[in-house]
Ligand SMILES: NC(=O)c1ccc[n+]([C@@H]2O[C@H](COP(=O)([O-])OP(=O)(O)OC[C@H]3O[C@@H](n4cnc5c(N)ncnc54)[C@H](O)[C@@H]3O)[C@@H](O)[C@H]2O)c1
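Presented below, as structure tokens, is a lone chain in the form predicted alone.
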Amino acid sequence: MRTIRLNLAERSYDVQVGHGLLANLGDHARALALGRRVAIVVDQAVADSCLDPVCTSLQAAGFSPVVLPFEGGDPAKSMATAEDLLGRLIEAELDRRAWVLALGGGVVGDLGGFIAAVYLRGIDFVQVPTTIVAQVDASVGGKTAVNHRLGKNLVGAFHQPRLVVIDTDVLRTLPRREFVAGLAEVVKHAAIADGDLFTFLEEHLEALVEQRLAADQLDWMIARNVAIKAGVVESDERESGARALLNYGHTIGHAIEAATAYERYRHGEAVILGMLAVAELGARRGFWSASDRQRHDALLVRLGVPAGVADIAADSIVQRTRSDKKRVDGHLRLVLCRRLGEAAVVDGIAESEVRAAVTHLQEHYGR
């Protein structure tokens, strides 16, 4: 097992990464002196595969779990779902010593963290992410949110977990599409912060996608991504500066999700499209070499570019970027790669530049 420590003063916590960790989850929770009652927020698909060992471990450690299942998927990451879950917490008479365990992907983690942040003005929570995107990104850093009809993640709070437990064995049960979509966040981390990780992905991508990567290698890759995310969060917990680097590909990706009512693409699939778009924008601004750009785009093509972006009106995508939280004085702030493994936040991106990048995306990857 690998342990990555997030040093955030009184909000510090460990992220534990390894295979076979679910069986000891209760012991790790007990070591934190958490309250006896725990609300498990879980979507139905994850409940079918992971809930039993989690409940067994918690009960063996003396905890009393209350299971709060809900219908998963990004459309469920809403105020309506949050209100329903909060109502069930109230009906279960959970007090301030109780805590929330978010068991599932990024949607579950965001929802579980959000209700923990606002219930009784804030209770403890633990993340147990079960998808790649949740393990390497969403579960680490304390950003919780729900979507609004006008944009993604516009209603939320910073609320750090007490612990994150990442069992890489659960990744081997994921459908291929979900697995590939999650790897978009791994490519993102490599592109902005770790050229060696990017090379590792170039060398092992097919083995990774086909679930042939050795357990220790998979643990290393997930832990390396967590360490990248942790380092950025430590330097900028509330996204006032350096943490914005983690939004590489996300502004346009989020806009594509919103323009398709969050129903056509997985989050990671939209991020793949977003990274291809900002790669073009960066090239137009002379930000990186042609060879680095070619390697970047080639890896994403090998990973799998989702179809259908040409069917979305470019103006609809551009319009949705106006709701981005990082917009300043009518212009966007976008993350652009300087070279593989290094990126920068660039202010003053005009809508005309975004439109040109989206048009390029549609013309070259719009099938």
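Quick caveat: nothing in here was measured; it's all calculated off a predicted structure. Residue numbers run from 1 along the displayed sequence.
Keep in mind that the form predicted together with this ligand is not shown, yet the notes after this line are about it.
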Please state whether all three residues E202, I272 and R302 have a non-hydrogen atom within 4.5 angstroms of this ligand in the predicted bound form.
-> no
If we test each of V133, V100, V278, I192 for a heavy atom within 4.5 Å of this ligand in the predicted bound form, the one that passes is V133
D74, D219, D124, D292 - the one with a heavy atom within 4.5 Å of this ligand in the predicted bound form | D74
Flag V170 as yes or no: does it have a non-hydrogen atom within 4.5 angstroms of any non-hydrogen atom of this ligand in the predicted bound form?
-> yes
In the predicted bound form, does P175 have a heavy atom within 4.5 Å of this ligand?
-> yes
Close approach of G106 to this ligand in the predicted bound form, 4.5 Å, heavy atom | yes
Consider T260 of the chain shown here, and say whether it contacts this ligand in the predicted bound form, taking contact as heavy atoms within 4.5 Å.
-> no
Which one of these stretches, 302-310, 44-52, 23-31, 334-342, sits within 4.5 Å of this ligand in the predicted bound form when only heavy atoms are counted?
-> 44-52
When this ligand is considered in the predicted bound form, the residues of 143-167 having a heavy atom within 4.5 Å of it are K143, N153
